[in-house]
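The chain that follows stands alone, in the form predicted on its own, written as structure tokens.
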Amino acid sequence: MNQYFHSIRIDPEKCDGRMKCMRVCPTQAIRIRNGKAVMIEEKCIDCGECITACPNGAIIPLTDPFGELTKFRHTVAIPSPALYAQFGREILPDKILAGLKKLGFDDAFDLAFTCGEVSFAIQEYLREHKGPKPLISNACPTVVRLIQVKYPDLIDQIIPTNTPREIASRDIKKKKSKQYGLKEKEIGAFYLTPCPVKMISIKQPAEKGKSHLDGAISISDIYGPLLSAMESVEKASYKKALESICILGIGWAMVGGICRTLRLKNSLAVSGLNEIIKVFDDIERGKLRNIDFIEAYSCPQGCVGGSLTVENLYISYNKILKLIETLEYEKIKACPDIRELRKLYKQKYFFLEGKLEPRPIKPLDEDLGKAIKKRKEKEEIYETLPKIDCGACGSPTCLTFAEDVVKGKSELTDCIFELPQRFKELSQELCELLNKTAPLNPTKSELKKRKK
């Protein structure tokens, strides 16, 4: 069985087993055992829903500390376009990029430009694709992992283009290596992330390839230092940078941004895991065959709603819209060369190096005969349960509880509705035991012996 790296950690000292994390988990990867939350690793897709649900802060996102930069001779910041939405309207991307350099990075790259390039690649792939539809974007790693775990039949409908952050870091390392005479491993490319799952896509890419990024730094961690750094940035140092901001890629920070960029008529944009699951269920039922493309983000409103952002997600969403308007007003339309992009597309420049595969879930038993027997036992146990999915047993549903019992992870008496019957059985056993050891109507002489 594969070992999975995860971007979250449960702190047992802070956890008091309130079950909120268990209830919001879309893949039923959390259980409450002995009053503490525990994770089923092969089911977790690192969506971060549990992070925001936990009232005690017991679920901790894992990202790289800012000090990781010292390991490299040259460092480059590659911020998610969502970073541009974390500050006031008067702070534009050019100042933010200049602030990152002031903060300690040797360079800062506008990822929106690469997002614009990948938008073109997606458009070309949609145009030439002859297979089943709808095709699904791979911009959100959580969505990709959700499909791998819960909807493996939809894997071939995920668009196989590489993500902008990976393409950008790959090209930056090659360019900087030639420019400064450094080895690529001496150049550190760090993604400034709005959510913890981007760390997973770096440490353990879904397609089993190797990431070109060297780490992910939380936007919430870098926000304060960056805000201070921008105060000392002079306008002359960044006024020309605005001209290179690609208007096509800014929209990738919010749900619907890719669809707007491509101006797709038969497309669907959806955010939030509950809504995504509804859409994917409909795809499996064959209800959405008239849709060409689905843009899906696990975070509400897209990356601007990530659990590692700072600003209110609705304000951030509006900021991205206003930023696009500002760039249009300033007549800044830095766009990729279409002819050059067509050449790169034919050379497979934009595509993933590996292939996406389903993520296997542990069977009930490695032995097929035993697994069939346990499956039948699971169904029999489930039929005896109340089927109200209260979660009091520490499992999210009655069906998962039945499975946990079969696997030996839970006892049937953990279900509170089984307790009265169990108490009755124990009472009967106790009466039988007493009847065997002593008569129900002892004589006076027997009572005297017991007293002695």
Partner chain sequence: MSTENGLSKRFEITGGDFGKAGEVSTKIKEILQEIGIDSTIIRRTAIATYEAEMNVVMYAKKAELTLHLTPTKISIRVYDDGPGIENIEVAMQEGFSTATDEMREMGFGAGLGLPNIKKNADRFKISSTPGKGTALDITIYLNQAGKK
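As the structure is a computational prediction, the values presented were derived from the model and not from experiment. Basically, rigid core = biggest C-alpha set you can superpose within 1.5 Å across the two forms. Numbering follows the first chain given and starts at 1.
FYI, the form predicted in complex with the partner chain isn't displayed, but the following is about it.
So which of 227, 91, 321, 372 gets a non-hydrogen atom within 4.5 Å of the partner chain in the model of the complex?
The option sitting close enough to the partner is 372.
Which of 344, 315, 182, 364 has a heavy atom within 4.5 Å of the partner chain in the model of the complex?
Of 344, 315, 182, 364, the residue with a heavy atom within 4.5 Å of the partner chain in the model of the complex is 364.
Is residue 174 close to the partner chain in the model of the complex, meaning a heavy atom pair under 4.5 Å apart or at it?
Residue 174: no, not in contact with the partner chain in the model of the complex.
Under a 4.5 Å heavy atom criterion, is residue 209 part of the interface with the partner chain in the model of the complex?
Taking the distances in the model of the complex, the answer for residue 209 is no, it never comes within 4.5 Å of the partner chain.
Flag residue 403 as yes or no: does it have a non-hydrogen atom within 4.5 angstroms of any non-hydrogen atom of the partner chain in the model of the complex?
Looking in the model of the complex, residue contacts with the partner chain include residue 403, since a heavy atom lies within 4.5 Å.
Taking any heavy atom pair closer than or equal to 4.5 Å as contact, tell me whether residue 275 reaches the partner chain in the model of the complex.
No, no contact at 4.5 Å.
Has each of 153, 283 and 376 got a heavy atom lying within 4.5 angstroms of the partner chain in the model of the complex?
Looking in the model of the complex, the three residues 153, 283 and 376 all sit within 4.5 Å of the partner chain (heavy atoms).
Choose one stretch from 73 to 81, 356 to 364, 249 to 257, 101 to 109: the one whose residues place a heavy atom within 4.5 angstroms of the partner chain in the model of the complex.
Of the options, only 356 to 364 has residues within 4.5 Å of the partner.
Honestly, after the rigid core fit, is residue 381 moving at least 2 Å at Cα between this form and the one not shown?
Shift of 2 Å or more: yes.
Any CA movement of 2 Å or more for residue 399 between this form and the one not shown, core superposed?
Comparing the forms between this form and the one not shown, which are aligned on their rigid core, residue 399 does shift its C-alpha by 2 Å or more.
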